[in-house]
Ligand code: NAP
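Next comes just one chain, in structure tokens: the form predicted on its own.
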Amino acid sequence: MEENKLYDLIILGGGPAGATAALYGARAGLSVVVIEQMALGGEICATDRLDNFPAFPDGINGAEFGMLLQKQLENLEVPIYFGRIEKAMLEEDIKSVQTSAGEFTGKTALIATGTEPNLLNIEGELSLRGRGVSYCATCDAAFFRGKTIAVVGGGDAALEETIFLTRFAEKIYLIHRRDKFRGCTWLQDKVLNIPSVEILWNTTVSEIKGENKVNGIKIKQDGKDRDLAIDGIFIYAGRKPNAAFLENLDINCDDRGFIITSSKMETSVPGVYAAGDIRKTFLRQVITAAADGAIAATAVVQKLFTY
């Protein structure tokens, strides 16, 4: 790490939003640094195949997509550091971020750390993630064409995604721990009238089974254990922003903790921007995250280079 370097832009998160912001920022002449905890590409790296991003007619493996992002930033000589964000002090004119990879300072900062799904915390969930365990129907539905799958949840997201998944799956078990849905009435009515959807009320999933991919689940229905043979499971227990490091920052968020921004991705804190899934937004997809990143970096260029 270059000691005592003051960057124009510190980017927290190396997913599609952060990587695109780095790309646009570097090409515009900003000094940029990217800090990522896991791998470039973020959560998409756990997806077996990305099929809904332009210019990949045959799709692309999520990990490969992440490696291409990293290669593109390396070609632009953008420094990338892998480490955990420990503390972010972003309210002063000079932003400071302490990480397990060192301390970084900058004139502006972009928060692009994304979200994480609320887990069921059951056996097999993590080990089979990306191999039949999914949290995004839009991302992965096409892999289950003609298959039998399960959807877990009872809110709007679970109902909406169940409707979407009927375009692909032959049979869907909709598993809900209560005896009625929490989602809006019109979604409930639609789901209740789909022949290929079997609703399992008062049911929880206790285990996800499989070696290299999901082949079944163990459920508890009305207090009784039962096994179901399935090819995949979509879990909608909600999502939360990856924002624990912001707990001491006075930044405007919605009631779920997602950051509120302007159309230029500006937050309520001067010089701090947010992009991608961590912000309050209508759609959370790779392409929209990338667009957010491009807008945020361009806004930073305008802020720093406009005299």
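Superpose the two forms; the largest set of C-alphas matching within 1.5 Å is the rigid core. Bear in mind the structure is a predicted one, so any value in this text is a computation, not a measurement. When you see a residue number, it is the position in the sequence shown, counting from 1.
Same protein, other form: the form predicted together with the ligand, not shown, and the subject of what follows.
Residues with any non-hydrogen atom within 4.5 angstroms of the ligand in the predicted complex fall in just one of 217-225, 156-164, 191-199, 69-77: 156-164. Looking at the ligand in the predicted complex, residues 27, 87 and 272 place no heavy atom within 4.5 Å of it.
Contact between residue 178 and the ligand in the predicted complex is found at the 4.5 Å heavy atom cutoff. Residue 239 belongs to the set of residues with a heavy atom inside 4.5 Å of the ligand in the predicted complex. Proximity of residue 52 to the ligand in the predicted complex falls within the 4.5 Å heavy atom cutoff. The ligand is not drawn, but in the predicted complex it has no heavy atom within 4.5 Å of residue 109.
Only one of the listed residues (128, 139, 120, 101) places a non-hydrogen atom within 4.5 angstroms of the ligand in the predicted complex, and that residue is 120. Of the residues 169, 230, 152, 133, just one reaches the ligand in the predicted complex with a heavy atom at 4.5 Å or closer; this is 152. Along 208-230, no residue reaches a heavy atom to within 4.5 Å of the ligand in the predicted complex. Shown in the overlay between the shown form and the other one, fitted on the rigid core, is a CA shift at residue 163 of 2 Å or greater. Positional change of residue 81 between the shown form and the other one stays under 2 Å at the C-alpha, relative to the superposed core. In comparison with the shown form, the Cα-Cα distance of residue 61 and residue 160 decreases by at least 3 angstroms in the predicted complex. Inter-residue distance, residue 135 to residue 290 (Cα): increased by at least 3 Å in the predicted complex versus the depicted form.
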